[in-house]
Ligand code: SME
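For reference, the chain that follows is the form predicted alone, supplied as structure tokens.
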């Protein structure tokens, strides 16, 4: 099925709408969280060509690197540290137009310029975060926030 996925043409909204349908279809009936995270990261990355797309999983008091697409990444992030740790602590999506201006930003790559981090909920607790980095400033906006929150809700 994955080889038949279409990359949406058109604007960001249209791409997300198609991507959401594809992810819903692919994850339906698949109970393995790692398999779903791997496919979701790959699909988002292929659709938008972001610098880095992946998940960090909550393991005790740290976030541990999960499935991702892109260059080398930090393996562990402490609670409340950086954009990922902040999203986990504050339990909200973080949209960062310029990572250089984010207090305590963790620079896994100096090429990352903007970032969005979306908490992944299971019931009333956060079990992971979706982290996406761009090489461009101000890549992410309300459209990304809304659609990525819908996408991670499928997990």
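Note that the structure is a prediction, hence the values are computed from the model and not measured. Positions refer to the first chain, counted from 1.
The same protein has a further form, the form predicted together with the named molecule, not shown here; the description that follows concerns it.
Remark: residue 105 counts among the residues lining the named molecule in the model of the complex, judged by a heavy atom distance of 4.5 Å or less. Taking the partner from the other structure, the named molecule in the model of the complex has a heavy atom within 4.5 Å of a heavy atom of residue 52. The closest non-hydrogen atom of residue 88 lies beyond 4.5 Å of the named molecule in the model of the complex. Heavy atoms within 4.5 Å of the named molecule in the model of the complex are found in exactly one of 52 to 60, 119 to 127, 36 to 44, 23 to 31, that being 52 to 60. Residues 131, 133 are the members of 119 to 134 with a non-hydrogen atom no more than 4.5 angstroms from the named molecule in the model of the complex.
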